[in-house]
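The chain below stands alone and is given as structure tokens, in the form predicted alone.
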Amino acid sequence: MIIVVDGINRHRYTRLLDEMFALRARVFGQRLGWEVDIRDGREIDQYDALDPAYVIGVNEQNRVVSCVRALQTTGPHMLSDVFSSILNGEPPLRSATLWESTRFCVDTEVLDRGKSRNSVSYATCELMAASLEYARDSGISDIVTVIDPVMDRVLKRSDCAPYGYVGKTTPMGKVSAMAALLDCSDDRIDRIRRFAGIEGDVFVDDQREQCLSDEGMTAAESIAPTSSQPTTQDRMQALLQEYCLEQVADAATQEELDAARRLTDNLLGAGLIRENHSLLAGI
């Protein structure tokens, strides 16, 4: 599912954004080898301070699995500055109805292969469709996106081939980069949806939106685990108790039995295991 975080609501989703910036660091800094600024495991640049919109994909565990950034082209943007070499001397694209789409990535470490809802393919198409729908509904007619040749092939395979390119393909880190043009038309969105089998609304509802907020995540963490969800401490106590029972039962001599009893007494005294009938009977 998809959530949009922008300048209006970003103060409510600082933790979600942190996770998104961490994903960007892994993809663009480590996997692609781009020259990006990574601090404390997060990739953040000057354009993130311009109140862009982030289209973010989350899985059923509310973990960020995909993201893309949308920025106006009427002001500073990456193609006009950082990626200006791609333009090959052409003037930057600037229009009130043209957005720049950058930092498109999916978490290939978490997502599966194939075409299931938890796959790289589905998450990629869902993010593409959602970003185009969000742009269309915001009055944007076209998107310019800086991509590598691999993403270019992904767009073409997903029936979302760019209708044009700007400038030239330019070396960028371990890969090359190019600027592609996409229209935010219903036809393009429908083609992507058909390719991936996406049906219905891809955006989270109000309840899920609240759960993803800082307040919602904090509330979820404060809920005590139920008996069906044992904590790590519970599991460790159970393993230690089982070990003590085995040592008492398997003792072959009085010396081994005494040693097992001393171990049990010490663990009981330290609060690392709980008293129960079987343990007391063994002692």
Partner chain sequence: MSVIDLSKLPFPEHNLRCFLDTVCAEHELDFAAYAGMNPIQQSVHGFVNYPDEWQTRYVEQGYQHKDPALLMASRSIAPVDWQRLRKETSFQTIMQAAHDFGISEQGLTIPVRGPYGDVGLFSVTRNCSDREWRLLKTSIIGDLQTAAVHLHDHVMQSSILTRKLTHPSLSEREIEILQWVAAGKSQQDVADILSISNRTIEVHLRSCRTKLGALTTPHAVGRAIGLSIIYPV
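As the structure is a computational prediction, the values presented were derived from the model and not from experiment. Residue numbers count along the first chain shown, from 1.
The same protein has a further form, the form predicted in complex with its partner chain, not shown here; the description that follows concerns it.
Residues within 4.5 angstroms of its partner chain in the predicted complex, judged by any non-hydrogen atom, belong to 92 to 100 and to none of the other stretches in 125 to 133, 92 to 100, 170 to 178, 108 to 116. Checked against its partner chain in the predicted complex, the candidates L32, A53, I44, V58 yield a single residue with a heavy atom inside 4.5 Å, and that residue is A53.
Among L71, A196, V154, L212, the residue placing a heavy atom within 4.5 Å of its partner chain in the predicted complex is L71. Looking at R262, you'd find every heavy atom of it more than 4.5 angstroms from its partner chain in the predicted complex. In the predicted complex, none of the heavy atoms of I86 sits within 4.5 Å of a heavy atom of its partner chain. A residue is said to contact a partner when one of its heavy atoms sits within 4.5 Å of a partner heavy atom; G200 fails this definition for its partner chain in the predicted complex, lying far away.
In the predicted complex, its partner chain sits beyond 4.5 Å of every heavy atom of P149. Residues D6, G7, I8, N9, R10 are the members of 1 to 34 with a non-hydrogen atom no more than 4.5 angstroms from its partner chain in the predicted complex.
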